[in-house]
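Just the one chain here, the form predicted alone, laid out as structure tokens.
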Amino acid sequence: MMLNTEPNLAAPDDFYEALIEMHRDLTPEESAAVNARLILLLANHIGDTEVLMQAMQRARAG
């Protein structure tokens, strides 16, 4: 399976707003921890190591 990099969110602005709200009033350390938990939850949901490796490479490359 290949990483889908095409737009795939029904309401991307709503998601972005919720993502920003998730970080409201958190310290930088708390924000990093909540990001890590979110990444692990989504990685578990995806469940495909190859797709996850592609995503990590893409994210690191910018």
Partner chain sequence: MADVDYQSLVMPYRRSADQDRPEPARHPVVVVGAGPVGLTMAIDLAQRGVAVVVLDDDDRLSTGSRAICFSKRALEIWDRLGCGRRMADKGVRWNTGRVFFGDDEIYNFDLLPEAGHGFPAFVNLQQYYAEGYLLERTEDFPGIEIRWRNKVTGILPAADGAQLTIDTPDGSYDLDADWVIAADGSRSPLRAMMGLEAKGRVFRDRFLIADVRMTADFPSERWFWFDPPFHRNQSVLLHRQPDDVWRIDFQLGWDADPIAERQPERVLPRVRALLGPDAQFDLEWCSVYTFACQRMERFCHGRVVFVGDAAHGVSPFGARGANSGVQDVDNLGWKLALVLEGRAPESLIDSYGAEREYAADENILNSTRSTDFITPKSQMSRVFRDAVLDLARDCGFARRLVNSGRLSVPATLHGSSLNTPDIDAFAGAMVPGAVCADAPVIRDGRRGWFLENLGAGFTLLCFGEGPGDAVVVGRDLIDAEGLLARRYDARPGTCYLIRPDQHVAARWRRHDADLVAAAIDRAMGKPA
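Here the structure is a predicted model, which is why all the values come from computation and not from measurement. Positions refer to the first chain, counted from 1.
One more form of this protein, predicted together with its partner chain, exists but is not displayed; see below.
In the model of the complex, its partner chain stays beyond 4.5 Å of every heavy atom belonging to residue 51. Residue contact check for residue 19: none of its heavy atoms lie within 4.5 Å of its partner chain in the model of the complex. Contact between residue 39 and its partner chain in the model of the complex is found at the 4.5 Å heavy atom cutoff.
Contacts of stretch 1-20 with its partner chain in the model of the complex, defined by any heavy atom lying within 4.5 Å, are made by none of its residues.
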